[in-house]
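In the form predicted on its own, a lone chain appears below as structure tokens.
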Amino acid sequence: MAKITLSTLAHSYLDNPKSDDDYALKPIDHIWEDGAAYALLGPSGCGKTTLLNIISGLLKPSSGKILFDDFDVTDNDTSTRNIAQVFQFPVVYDTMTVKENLAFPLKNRGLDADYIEKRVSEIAKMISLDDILDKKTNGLTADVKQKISLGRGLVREDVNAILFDEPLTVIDPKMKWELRTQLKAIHQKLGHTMIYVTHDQTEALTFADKVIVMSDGEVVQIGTPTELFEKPEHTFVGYFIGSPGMNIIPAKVNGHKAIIGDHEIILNDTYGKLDGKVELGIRPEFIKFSDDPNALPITINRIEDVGHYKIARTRFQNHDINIIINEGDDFSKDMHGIIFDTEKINIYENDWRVDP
């Protein structure tokens, strides 16, 4: 296992990048702590796979350095970095049994047969492959083959890090949920440094100790799932995390007051002079319906029942506002006012969160 340091790391696929827009990965400085579980989260094309490939050694960065335990590995190839990588689609040897596939990385390093037997048995049990160890892989389904790929990535104990590049893409929904839970438990048991790339917020928030949210080649926030939910540092994080995401509403902020349209909201905190684009962010979970005459007046467009809660799609003047209605909440379709939990309001200036 290793601490991984990214020092002013950046990458462009162009020979002579001239502006930020030419970079697939904009400069990043960060330390990945030894033994922690990280998720790289963002939409397709945001730079997360580029970053993962730089860490693994498949790609050399245009600038900056990458260090494993303070040792510069920027110019080192993949084999000398001592990492394991699991790709988006299964990579297995069809002529081998499940057991032989899992054992291959260990046999390739000439390890003792008794150790290999014990280790393969442990990993197979962890990911529920122990009942098919003697089967050939060529007749197995894609999702089972991907479990084998996961097992091969986990079987070595001496790796600096294990990298996962959207490893659950081909897994059916029921097995995907089980594997997410198993991977979290495996990380807690084995203590490897793990980095998991995904565009699925549920996967990221379930698996990781810390989530790195990326947009347009830039890291916009690194934080725990709770931090990303309660205090998104960028409006993109507020929008991307949550279902539905945070309501982002244009506002004027003056001291401890926010003006939305012609309605005034008293804030818990006081803010200095804000310039540029100013917005108020409030998650749908922290808005309640109210018949208070001072409530923000809204029009209900529709109510969506998604099972264990409902989503109210409402509108205030020119702004859409989503509200989550939980069982037991005080709500009737005759209510046409809403109130915000002012402790949960975030204020943004030019898309970045402003501290009071």
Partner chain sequence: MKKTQNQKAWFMVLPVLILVAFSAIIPMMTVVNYSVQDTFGNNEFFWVGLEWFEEVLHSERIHDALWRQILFTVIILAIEIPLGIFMALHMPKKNGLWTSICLVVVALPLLIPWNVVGTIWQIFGRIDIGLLGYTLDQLGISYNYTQDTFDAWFTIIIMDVWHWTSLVLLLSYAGLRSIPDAYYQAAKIDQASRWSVFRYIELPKMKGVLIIAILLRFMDSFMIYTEPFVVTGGGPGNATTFLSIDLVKMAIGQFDLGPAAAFSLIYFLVILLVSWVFYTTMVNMDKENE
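Positions refer to the first chain, counted from 1. A quick note: this is a predicted structure, and the numbers were derived from the prediction, not measured. C-alpha atoms forming the largest set that superposes within 1.5 Å between two forms make up the rigid core.
Heads up, the form predicted in complex with the partner chain isn't pictured, but that's what we're talking about next.
(message) Which residue, N247, T198, Q85, T193, is the contact with the partner chain in the predicted complex, using a 4.5 Å heavy atom cutoff?
(response) Checking each option against the partner chain in the predicted complex, the one that comes within 4.5 Å is Q85.
(request) Let me know the one among N322, S56, S62, S290 whose heavy atoms come within 4.5 Å of the partner chain in the predicted complex, would you? (result) Checking each option against the partner chain in the predicted complex, the one that comes within 4.5 Å is S56.
(message) Partner absent here, but in the predicted complex, which of 181 to 189, 206 to 214, 133 to 141, 261 to 269 has residues with a heavy atom within 4.5 Å of the partner chain?
(response) Result for this chain: 133 to 141.
(message) I'd like to know if S128 sits close to the partner chain in the predicted complex, meaning any non-hydrogen atom pair within 4.5 angstroms.
(response) Close contact is absent here: in the predicted complex, S128 is far from the partner chain, nothing within 4.5 Å, heavy atoms only.
(request) Examine E157 and determine whether its closest non-hydrogen atom to the partner chain in the predicted complex is within 4.5 angstroms. (result) Heavy-atom contact with the partner chain at 4.5 Å: absent for E157.
(message) Within 4.5 Å, heavy atoms only: does D172 come near the partner chain in the predicted complex?
(response) Flag for D172 set to no.
(message) If we define contact as a non-hydrogen atom of the residue within 4.5 angstroms of the partner, is V92 a contact of the partner chain in the predicted complex?
(response) Yes, V92 is a contact residue.
(request) Enumerate the residues of 92 to 114 that have a non-hydrogen atom within 4.5 Å of the partner chain in the predicted complex, in sequence order, or give none. (result) Contacts from 92 to 114: V92, Y93, D94, T95, M96, F104, P105, N108, R109.
(request) Superpose on the rigid core, then tell me if the C-alpha of M175 is displaced by 2 angstroms or more between the shown form and the other one. (result) Not so; M175 is displaced by less than 2 Å.
(message) After core superposition, I'd like to know whether N76 moves between the shown form and the other one (criterion: C-alpha shift of 2 angstroms or more).
(response) N76: C-alpha displaced by less than 2 Å between the shown form and the other one.
(message) Please determine whether the C-alpha atom of I248 is displaced by 2 Å or more between the shown form and the other one following superposition on the rigid core.
(response) I248: C-alpha displaced by less than 2 Å between the shown form and the other one.
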